[in-house]
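The data below hold one chain only, encoded as structure tokens and taken in the form predicted on its own.
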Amino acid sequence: MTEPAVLPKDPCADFASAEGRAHFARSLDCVHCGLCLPVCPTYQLTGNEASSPRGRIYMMRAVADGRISAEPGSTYDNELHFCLVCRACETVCPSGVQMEALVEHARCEMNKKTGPPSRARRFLLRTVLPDRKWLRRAADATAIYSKTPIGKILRKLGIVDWLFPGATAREALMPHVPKREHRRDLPALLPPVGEKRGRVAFQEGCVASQLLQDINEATVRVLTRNGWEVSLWKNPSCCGALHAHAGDLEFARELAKKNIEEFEKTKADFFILNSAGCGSHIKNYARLLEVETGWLHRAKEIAAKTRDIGEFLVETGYKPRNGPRALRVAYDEPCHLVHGQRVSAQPKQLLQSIPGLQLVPLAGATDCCGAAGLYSLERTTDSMAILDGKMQQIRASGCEVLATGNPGCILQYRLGARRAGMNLQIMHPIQLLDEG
């Protein structure tokens, strides 16, 4: 495809590159058919054309042509960050428009105009998430803040909001932090049970390693029981998805390169993830690194070997547990699993293989829950409006357990259950398979 005649007047470094121009050119594939409107969560909230995928693409073109302003606080700026990057529009788009890539590059451009991110955001994204030691310190600090009088003192002195603007208003979003003994690192190498079928690499993840380590433990138990040797690395602990979605493509590329190097050291046959967002991002490393000399081939290799845990078990075969699990379970499909990786049938197949488990239908199972990485923290009102609608659908299903395959979704739904006063278990499908 030829490059557009008019390029952005004030592009960021990425948008001025051949990669950036290619993504802008791909926006021209949008034919404004409107098939994305019914599946877009923000359009469903507002009914505004500007809050739809085709509306945002129209504004991207208008900014590139100089017809509208791209200044901080503009309608364009607001709509860019109103998007959850759930990728539901990509599933229904007949032209194959890559909305995730367009939004990431547009946010990168906007970041050049808005200046450095807040202290809290930069510290979280660039210091805490990529490093296991900082993650543990952050989890410890959160536990102390929420479970001791120290938090009340810091709030009263205004220190919390000085360090993290708006934090006290969002305390209801704070997840439960498990005790330290439930946040222990897994061993670097776990042997298989019985005959070895091969070696897989597994990454515990950033948030999951501190808040949902029980899911990681269940994952490696199922893998080793099925004959796989499991190799892990600790740093970087983050895949870079949150950075890319925030428009920090430079740092996202740094993390991608480090993860590729660590994966190569494991000599593993496959790279297994139990996080839909991480798996989707790693499978897109080739797109992220396509202009980086010497990295494209390596990025394609890791992407080709990356599997979601449910996808992997169905592909390679697994031993179902024999113990019955008499439960009514609804399966909610994480956006970056069903839309990003196009993995839908496999997790449901795993659940249906469990004796006694009844998989009940869930209306809107492929709709976004509103978590979207940092979205629930940065656009809390919008996130909660989307979540409340989902909780109504979950209640109507009559399920006892909601199963979903992404850490952010699990934490979001646990918050939703508390808000709705529902006695509901939120679990990863791999936990149900592990328990049998």
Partner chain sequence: MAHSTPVPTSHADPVVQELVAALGENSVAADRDTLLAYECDGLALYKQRPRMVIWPNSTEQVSAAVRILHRFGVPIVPRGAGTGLSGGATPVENGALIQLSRMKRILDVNPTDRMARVEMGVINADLSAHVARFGLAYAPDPSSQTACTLGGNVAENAGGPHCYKYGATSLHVLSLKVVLSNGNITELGSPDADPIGYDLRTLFIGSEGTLGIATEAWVRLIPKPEIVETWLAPFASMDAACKAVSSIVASGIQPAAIEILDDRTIAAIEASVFAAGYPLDAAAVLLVEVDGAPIEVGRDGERIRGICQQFGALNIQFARDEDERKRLWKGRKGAFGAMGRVAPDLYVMDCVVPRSKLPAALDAIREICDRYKVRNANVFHAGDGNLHPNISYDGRDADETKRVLAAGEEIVKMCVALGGTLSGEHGIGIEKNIYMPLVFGAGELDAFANLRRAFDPDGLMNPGKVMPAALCGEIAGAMKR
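Note that the structure is predicted; figures quoted are calculated from it, not measured. Positions refer to the first chain, counted from 1.
Note that the form predicted in complex with its partner chain isn't included here; everything after this is about it.
Enquirer: In terms of non-hydrogen atoms within 4.5 angstroms, which of the given stretches 70 to 78, 353 to 361, 130 to 138, 312 to 320 touches its partner chain in the predicted bound form?
Expert: Of the options, only 70 to 78 has residues within 4.5 Å of the partner.
Enquirer: In the predicted bound form, does G47 have a heavy atom within 4.5 Å of its partner chain?
Expert: Yes - in the predicted bound form, heavy atoms of G47 and its partner chain come within 4.5 Å of each other.
Enquirer: Do E400 and its partner chain share at least one heavy atom pair within 4.5 Å in the predicted bound form?
Expert: No, E400 sits far enough from its partner chain in the predicted bound form that none of its heavy atoms falls within 4.5 Å.
Enquirer: Is there a non-hydrogen atom of L374 within 4.5 angstroms of a non-hydrogen atom of its partner chain in the predicted bound form?
Expert: No, L374 sits far enough from its partner chain in the predicted bound form that none of its heavy atoms falls within 4.5 Å.
Enquirer: Should D388 be classed as touching its partner chain in the predicted bound form when contacts are defined as heavy atoms within 4.5 Å?
Expert: Output for D388 is no: heavy atoms all beyond 4.5 Å of its partner chain.
Enquirer: Taking its partner chain as it sits in the predicted bound form, which residues of 33 to 60 have a non-hydrogen atom within 4.5 Å of it? Please list them.
Expert: Contacting residues: C33, G34, L35, L37, P38, Y43, Q44, L45, T46, G47, N48, E49, A50, R54, G55, Y58, M59.
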